[in-house]
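First comes one chain, alone, set out as structure tokens in the form predicted on its own.
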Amino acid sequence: MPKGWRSTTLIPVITLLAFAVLPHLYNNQFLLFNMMMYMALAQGLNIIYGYTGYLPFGYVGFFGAGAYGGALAITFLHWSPYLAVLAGGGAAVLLGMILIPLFRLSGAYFSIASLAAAEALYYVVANPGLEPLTQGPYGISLPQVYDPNGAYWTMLAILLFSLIISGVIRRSRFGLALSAIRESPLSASMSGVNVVKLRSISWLLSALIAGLAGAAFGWYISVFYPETVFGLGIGVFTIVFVLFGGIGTVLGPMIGTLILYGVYNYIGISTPEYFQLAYGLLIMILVLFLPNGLVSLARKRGLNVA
């Protein structure tokens, strides 16, 4: 196996061992669950942003669609929570297919349009007129399937899936084609790359991961409201984690999530005023001195980061 593939394979293995052992050493399962969730979301965002250059500010819309898709499958179809998680992923993919025309836009226009789409979906779900279906603003309760341990291991499986997909993309011709699209869609098209097809595939893969994570999150907490799963904070956190670690890599989003989410839980919960200051300073340093994230430090030393 080539060296690059070995390093890419090693990351999911280490992740599996770490999150399988940590619950026995650290009794805050919810923190570990959220860390896995953000790592998966960061990998999903990295697939569309890190490899194609399209940054969806409304990425949280896929997360919310997954949460509600899974919840509705449990409530009305009486599916098991495991099948419901797959249904959540399917709901996010369906939303992604509907939003594919957004790629006619570029740059900030695409980012803002995706944010508007996520906000529109939030207001649809929270509409009191849809209370018989979505419970409107009153939230969804799933006590009949409450199983935090089952949801924990499901989220771990989703994280591993996202790592494998991201690793395969990074080391494949598909990933090279996506990188060409990121640099110049016009040049990639003239070189024979099917820009529309490949960009759409990466978009739907990104949506799938976010939808699966959203459905597993809804299962884990079992009671949630529209603002819980469509909160812009989820999307902002995910974007910052990816930027801080480094886009276009498998390891970068993992490092960014581990450090910044750790800082948030150490500072942000007990003393949020200091967290806002620390977070702001970190972002300023990142933009000014590390525009390519922490992995750029390793690359400057000649290391090949997976």
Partner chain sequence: MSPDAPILKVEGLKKHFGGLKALDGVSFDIHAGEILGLAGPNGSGKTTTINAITGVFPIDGGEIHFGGNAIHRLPTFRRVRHGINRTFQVPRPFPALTVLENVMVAGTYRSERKSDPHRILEDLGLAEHADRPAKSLNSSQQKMLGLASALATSPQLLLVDEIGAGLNPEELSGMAARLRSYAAQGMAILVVEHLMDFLDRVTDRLIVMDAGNTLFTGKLQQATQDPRVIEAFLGG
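Positions refer to the first chain, counted from 1. Because the structure is a prediction, the values reported are computed rather than measured.
Another form exists, predicted together with its partner chain; not displayed. Remarks below refer to it.
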Contact test in the predicted complex: P101 vs its partner chain, heavy atoms, 4.5 Å
no
Classify V145 as contacting or not contacting its partner chain in the predicted complex by the rule of any non-hydrogen atom within 4.5 angstroms, answering yes or no.
no
4.5 Å heavy atom contact, L94 and its partner chain in the predicted complex
no
State yes or no: in the predicted complex, is some non-hydrogen atom of G192 no more than 4.5 angstroms from a non-hydrogen atom of its partner chain?
yes
So which stretch, 201-209, 107-115, 174-182, 78-86, is the one near its partner chain in the predicted complex (non-hydrogen atoms, 4.5 Å)?
174-182
None of I165, L156, L121, A188 but one has a heavy atom within 4.5 Å of its partner chain in the predicted complex; the exception is A188
